[in-house]
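Next up: a single chain in structure tokens, the form predicted alone.
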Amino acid sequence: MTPASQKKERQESIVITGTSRGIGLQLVEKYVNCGWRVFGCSRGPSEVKHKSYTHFELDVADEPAVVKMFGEVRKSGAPLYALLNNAGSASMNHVLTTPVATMEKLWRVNVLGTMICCREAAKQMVLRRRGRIVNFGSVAVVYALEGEAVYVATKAAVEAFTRVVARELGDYGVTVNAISPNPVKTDLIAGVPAAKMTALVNRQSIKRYGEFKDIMQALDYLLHPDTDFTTGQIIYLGGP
């Protein structure tokens, strides 16, 4: 039995961040159509109109707004089973030309937002001794990509945070893992020169762009109720 079909029976919920476009939007569409009760958030509105989807317009680094969102999830009557920390921001800047404003933005979205959402989700999961948290990293960490020092640093922080939180929540039936995708053709990489993207793809073990199905296959495994012994792992799609 798949996690999606089990959600229909148990009426559990999933929170997905960064759902206005790209991978986050596709995740919402996938899970609502599979029977999950989905809560999503982004800084703008969502185009998804579905009875099983509730959208919140917020900044994931805005602690009061995030706390309020998770409070609404708790009040919904659909116990929280999973959190997908998909929200992210990227910027290509040489370290000598990276403004502080860019540093702060990347830190707030990629790191602080992930930490706050993990904390609030875990509060509900540990009470039930059941839950799955999946953060999103990047293969840019293992490649130490030049021109992306700050972005790589934030994603390295997410990976380190994932490993520690996995240890802290392991005794409560909550697993915490990270998926670190290779380049996927979304708005996040739209402004990156084609030659740079080709060079990056050619560094991978499997030399092609990632696809949504690749992410879903990893998520299906990590979210499955029987996957209760896999935690603190960073899955690099495409191979480092």
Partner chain sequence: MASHERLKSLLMECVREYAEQAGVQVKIDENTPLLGADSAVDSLGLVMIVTGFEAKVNETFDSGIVLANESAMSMRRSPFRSVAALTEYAGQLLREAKAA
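Residue numbers count along the first chain shown, from 1. Since this is a predicted model, take the numbers as computed values, not measurements.
Same protein, other form: the form predicted in complex with its partner chain, not shown, and the subject of what follows.
*Which one, 142 to 150, 82 to 90, 118 to 126, 100 to 108, holds residues whose non-hydrogen atoms are within 4.5 Å of its partner chain in the predicted bound form?*
Going by heavy atoms within 4.5 Å, the stretch is 118 to 126.
_Contact test in the predicted bound form: residue 74 vs its partner chain, heavy atoms, 4.5 Å_ = Contact check for residue 74: yes, within 4.5 Å of its partner chain in the predicted bound form.
*Would residue 67 count as touching its partner chain in the predicted bound form under a 4.5 Å heavy atom rule?*
Residue 67: yes, in contact with its partner chain in the predicted bound form.
*Contact flag, residue 63 vs its partner chain in the predicted bound form, heavy atom cut 4.5 Å*: Residue-level check for residue 63: yes, a contact with its partner chain.
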